[in-house]
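Heads up, the chain below is alone and in the form predicted on its own; it's given as structure tokens.
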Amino acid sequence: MSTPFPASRRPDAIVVGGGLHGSSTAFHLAARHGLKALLLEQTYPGRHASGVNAGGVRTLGRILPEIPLSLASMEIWHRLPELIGDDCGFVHSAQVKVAESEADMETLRARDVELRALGYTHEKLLDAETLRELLPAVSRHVVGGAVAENDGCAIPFRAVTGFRRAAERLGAEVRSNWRVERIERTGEMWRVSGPAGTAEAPLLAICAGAWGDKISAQVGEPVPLNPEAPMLLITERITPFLAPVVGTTSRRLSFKQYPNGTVLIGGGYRGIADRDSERTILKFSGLATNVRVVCELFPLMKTVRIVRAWSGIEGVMPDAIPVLGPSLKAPDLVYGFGYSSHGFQMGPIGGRIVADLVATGKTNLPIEAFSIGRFA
């Protein structure tokens, strides 16, 4: 039988979803607004998208509406120790996108023109010689690329844990194994319920990743979210040969080497996601393609052993940008989900935006493109 959350411990706000965006929201609610959050996670914080992504902290190659948010988030990544007391494994190493043909270089040049016309200078073009100074082991067929020098990478699960612990130190309460099945507005309160009980608060944030659409639909705001299963591989430890994070212009790849020598390989190939059971199935054909691309770009990888492969469940929107902003149909309700496999870097700023909207109804960053109203 469901039991209510004790009224004497009633929070100021409920945050549904304990990944990086939810944990960041709970932290910023306390740090910026002095509000106590109850963070509800259906398994454990970081189980899915936040804990099993490639850990890229990139402004490079962002969809245009995301750029202001991504640049603001990068400023936070560079000062995490003073903000939350943990660097989250963040390494400032730059991100590089390689061009494997002249057609790829034309694509990068066109983007460079577009960005500079908008006043953005965080990406720079690289000729072949300069690229090889950054990536000495790259294949000889690569003709150039682009770089975002302020970018890097971090450890996903550690980032979730860092924000969660910082939120808890400021008074947030975190409940794992607390599945939210229903939300309803009762008077001036939001009531959230599930098998573990009920909870009430005047303010509500939905940061539930691949499950966000199930909740938004309950207030009459359905969205066409698709649950997908991004896949990752990691190798044995090898001699360091790579500092930047590497992607490609026309093929799928996210490739980096950690300080301990292991190499992480990702890039958007999907397994099979079963959202109801929270299980995923790896598709080895996609993993094999990912490995082949890596070996073509970095021939030294051909003899390296793969140690493990895994996946989690992510919510992907048809336009590949998140639902971020207030509900248009219900009061005191804010959304932050559907980051479409590239939300890790924006976790710090996404949480700040949601917290600001929950607490004040305002944000100083442009979020119009992310409104849930675009699916009305």
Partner chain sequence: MTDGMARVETCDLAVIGTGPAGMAAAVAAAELGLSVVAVDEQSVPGGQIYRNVLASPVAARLGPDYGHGAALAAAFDAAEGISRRYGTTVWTLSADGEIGLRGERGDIVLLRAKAVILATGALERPMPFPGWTLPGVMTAGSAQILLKSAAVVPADGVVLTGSGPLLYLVAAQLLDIGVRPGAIVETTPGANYRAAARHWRGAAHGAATLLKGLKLIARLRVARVPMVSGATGLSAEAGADGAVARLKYHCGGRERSVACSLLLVHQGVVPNVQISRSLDLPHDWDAAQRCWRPRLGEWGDTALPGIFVAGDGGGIGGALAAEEQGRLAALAAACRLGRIDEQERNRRADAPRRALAHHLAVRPFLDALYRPGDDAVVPADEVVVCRCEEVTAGEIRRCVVDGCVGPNQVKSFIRSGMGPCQGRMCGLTVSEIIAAARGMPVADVGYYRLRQPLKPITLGELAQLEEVAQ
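No experiment lies behind these values; they were computed from the predicted model shown. Positions refer to the first chain, counted from 1.
One more form of this protein exists, namely the form predicted together with the partner chain; it is left out here, but the text below deals with it.
Peer 1: Would the partner chain be touched by all three of Lys124, Arg352 and Ile367 in the model of the complex, meaning a heavy atom each within 4.5 Å?
Peer 2: Checking in the model of the complex: none of Lys124, Arg352 and Ile367 is within 4.5 Å of the partner chain.
Peer 1: With the partner chain left out here, work out from 183 to 191, 107 to 115, 260 to 268, 143 to 151 which stretch has heavy atoms within 4.5 Å of it in the model of the complex.
Peer 2: Answer to the contact question: 260 to 268.
Peer 1: Is there a heavy atom of Phe157 no more than 4.5 Å from a heavy atom of the partner chain in the model of the complex?
Peer 2: Result yes; Phe157 sits at the interface with the partner chain in the model of the complex.
Peer 1: Looking at the partner-bound form in the model of the complex, is Ala309 within 4.5 Å of the partner chain by any heavy atom?
Peer 2: Contact check for Ala309: yes, within 4.5 Å of the partner chain in the model of the complex.
Peer 1: Evaluate Ala103 for contact with the partner chain in the model of the complex, applying a 4.5 angstroms cut-off between non-hydrogen atoms, and reply yes or no.
Peer 2: No - in the model of the complex, heavy atoms of Ala103 and the partner chain never come within 4.5 Å of each other.
Peer 1: Please run the contact check for Val304 against the partner chain in the model of the complex: heavy atoms, 4.5 angstroms, yes or no?
Peer 2: Residue-level check for Val304: yes, a contact with the partner chain.
Peer 1: Of Thr289, Ser250, Asn226, Thr130, which one comes within 4.5 Å of the partner chain in the model of the complex, counting heavy atoms only?
Peer 2: Looking at the other structure, the residue within range turns out to be Thr289.
Peer 1: Going by heavy atom distances of 4.5 angstroms or less, which of Leu71, Leu282, Ala201, Ala94 would be at the interface with the partner chain in the model of the complex?
Peer 2: Checked against the cut-off, the match is Leu282.
Peer 1: Scan 224 to 245 and note down the residues that get a heavy atom within 4.5 Å of the partner chain in the model of the complex; none is a fine answer too.
Peer 2: The stretch touches the partner through Leu233, Thr235, Arg237.
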